[in-house]
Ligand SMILES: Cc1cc2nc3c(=O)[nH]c(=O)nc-3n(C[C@H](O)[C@H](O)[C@H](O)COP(=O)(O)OP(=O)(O)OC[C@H]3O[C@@H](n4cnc5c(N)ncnc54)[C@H](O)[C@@H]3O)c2cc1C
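Next comes just one chain, in structure tokens: the form predicted on its own.
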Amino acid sequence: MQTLSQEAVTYFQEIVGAKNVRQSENDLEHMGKDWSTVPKDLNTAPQPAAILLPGSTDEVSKILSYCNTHNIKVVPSGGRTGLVGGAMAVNGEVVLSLQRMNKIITIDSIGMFAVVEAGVNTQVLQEAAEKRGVMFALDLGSAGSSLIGGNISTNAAGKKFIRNGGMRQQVLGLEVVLANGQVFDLKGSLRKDNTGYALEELFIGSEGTLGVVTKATVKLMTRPEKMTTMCCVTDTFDKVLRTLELCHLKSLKVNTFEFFSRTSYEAVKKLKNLKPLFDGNCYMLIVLEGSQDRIDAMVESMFSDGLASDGLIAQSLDDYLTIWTYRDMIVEAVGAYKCAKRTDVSLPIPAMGEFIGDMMQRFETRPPSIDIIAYGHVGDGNFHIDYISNETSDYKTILAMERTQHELVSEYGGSISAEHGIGLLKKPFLNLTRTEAEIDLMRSIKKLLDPIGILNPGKIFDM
């Protein structure tokens, strides 16, 4: 367990101000963890030594330089909305929170980019872009809490990945501080730069293990044309995939293509006491861009081909909110159970139906107290599979089911993490979908950029 000397505390207070060095029990508990559901047997209770809140890149640089010289471990921190323990400080690390660095520096509707500090809230940037008549395309369930720097660090994705890509596709350039305090300005508003390695790519999705992002230049987009939102129900997952294919064949722009299971639907309906939609096994939430004639033709084909048995096309704000509430409230519904484990995987899209059938067959003999909630972004091959129970004694069984699931993902050529990252909680499974040679290469990059290993130690892999 790392301990922090009074000399170090005094130095940090001189750099960021005494009020921005926090060591109260409440602050350490609150800011030393993320949104993860953490198993007690992993010994991952938050135990940071201090919380530092710098206000500038220069302050971040001085902090990291000092920590590197004195071998003080650091956990970079954004909105802490991650679900795999990536922002957990569990061994007396210093938490470096970027939340004070929250300036929107530029919104440029000619070059279609924004320059922002790492602590800018995702929703705040969305709203600022909208006021200028443009759009920041990343759309997350945690938009009201997540920060841009954290989105970059975890390569966040979200509900519109099929249309706009994830955070990696939004980044034009970064300002990054390395472990030794060196500041790199990795291009900014350039759309084209063919001068060797794209160094900024190293830091996107690196979970704060290679450097600390302090500023970003991100893409802006024009707002989409008229969109149609619908929710339809069908009986098999194969028909969900065939509906996605139909959207492509009809040359419609698919903005969103979400799926949720009957168990997801029932859990949300119970939690929120919502009016029912319609009965079925598989629910599809689809948002399409295009003319009404083309969308009407697509919907007619869905029903005439037997791909959907019932549905609702949003004709009002109330319809729209009802449809999205059933999808957006799944996470909250899962959290209402005494025992819950959230997972996040990706698969080749054509194999998703076979994977789900195979997985459910393997879990037929599970305890009746354990239920499985499946939902996610079918348009990009991303499943969230959550295990729920009101019996806390089921946790060990659920952890065993999680390993079985990840082993099956490996058999299908998928990934154990589509958008949540690895952090602490998925580290035991990393070798299921990444080879030892790949992991060793990642270790080599880590050693090059952070030789003594002060940045987010123990995350993604062990050194």
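Because the structure is predicted, anything quoted here is derived from the model rather than measured. Start at 1 and count along the sequence shown; that's the residue number.
The protein also exists as the form predicted in complex with the ligand; that form is not presented, and the subsequent description refers to it.
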### Task
Look up in the predicted complex whether E419 has a non-hydrogen atom within 4.5 angstroms of the ligand, and give yes or no.
yes
### Task
Give a yes/no on whether G290 approaches the ligand to within 4.5 Å in the predicted complex, heavy atoms considered.
no
### Message
Check H377 for me: does it contact the ligand in the predicted complex (non-hydrogen atoms, 4.5 angstroms)?
### Response
yes
### Query
With a 4.5 Å heavy atom cut-off, would you call T243 a contact of the ligand in the predicted complex?
no
### Task
Identify which of G381, G165, G141, P224 has a heavy atom within 4.5 Å of the ligand in the predicted complex; exactly one of them does.
G141
### Task
Could you work out which of A87, I286, V345, A216 is the residue within 4.5 angstroms of the ligand in the predicted complex, going by heavy atoms?
A87
### Query
Tell me which of 346 to 354, 189 to 197, 304 to 312, 148 to 156 has residues with heavy atoms within 4.5 angstroms of the ligand in the predicted complex?
148 to 156
#### Entry: Stretch 76 to 90 - residues with a heavy atom within 4.5 Å of the ligand in the predicted complex
P76, S77, G78, G79, R80, T81, G82, L83, G86, A87
